[in-house]
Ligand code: 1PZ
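The form predicted on its own is given below as one chain in structure tokens.
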């Protein structure tokens, strides 16, 4: 079943994150951003509830796409080359946001944190029973990831908004791959690739002490 033009397609997200990791275990930023474009369509398809995350993600994607198509595009071909380039040139604000508030390292970190939430949420949807509370799944995933980086007012508003989430089957229908069983099967194929990209990024950022950039 083909998704409508502009609609979320889990197949496209799977293909993008599959293409992210090279044989040398580097993360290609082009496919990474393509995968994120697909995830934004997923968030947008769920309505205004997730706009506080999707709007921020779109801004970050646009910043990164400008780097990837700019004069120094070769330095932004992979996550590893970006980190090496920006750190060697002093382009990362390590202590406080000052001269480089939109550095690639900081921008990717924001997407990286949101990717963890989406990974946990989609994994929860995949493994939950049919009658499971999507509100509880989403809240637990949020509390285990993004909540730590949001002020209290945003956390409170997010949890209240999650109470209005549709059923698990309704979420799985948004995947545009057929019925719930097909969606669960494809999530099983997609999530290991998302986890792999997240794990490589986490290890790289930890190695360079970039996980707590201001």
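Numbering follows the first chain given and starts at 1. The term rigid core refers to the most C-alpha atoms you can superpose between the two forms while keeping them within 1.5 Å. Since this is a predicted model, take the numbers as computed values, not measurements.
Form predicted together with the ligand: not shown, discussed below.
Consider residue 118 of the chain shown here, and say whether it contacts the ligand in the model of the complex, taking contact as heavy atoms within 4.5 Å.
Yes, contact at 4.5 Å.
With heavy atoms only and a cut-off of 4.5 Å, decide whether residue 171 touches the ligand in the model of the complex.
Yes, residue 171 lies within 4.5 Å of the ligand in the model of the complex.
Going by a heavy atom distance of 4.5 Å, is residue 32 a contact of the ligand in the model of the complex?
No, residue 32 sits far enough from the ligand in the model of the complex that none of its heavy atoms falls within 4.5 Å.
How about residue 160: is it within 4.5 Å of the ligand in the model of the complex, going by heavy atoms?
Flag for residue 160 set to no.
Does the trio 60, 106 and 154 actually contact the ligand in the model of the complex, every residue with a heavy atom within 4.5 Å?
Spot residues vs the ligand: full contact, yes.
In the model of the complex, which of 181-189, 23-31, 64-72, 44-52 comes within 4.5 Å of the ligand (heavy atoms)?
Contact-bearing stretch, as computed: 44-52.
Could you run down 141-155 and flag each residue that has a heavy atom within 4.5 Å of the ligand in the model of the complex?
Sequence-ordered list: 142, 146, 150, 154.
Does residue 33 count as moved between this form and the one not shown, where moved means a C-alpha shift of 2 angstroms or more after fitting the rigid core?
Result for residue 33: no, shift under 2 Å.
When the two forms are laid on each other by their rigid core, does residue 147 show a Cα shift of 2 Å or more between this form and the one not shown?
For residue 147, whose C-alpha is compared between this form and the one not shown after core superposition, the shift is less than 2 Å.
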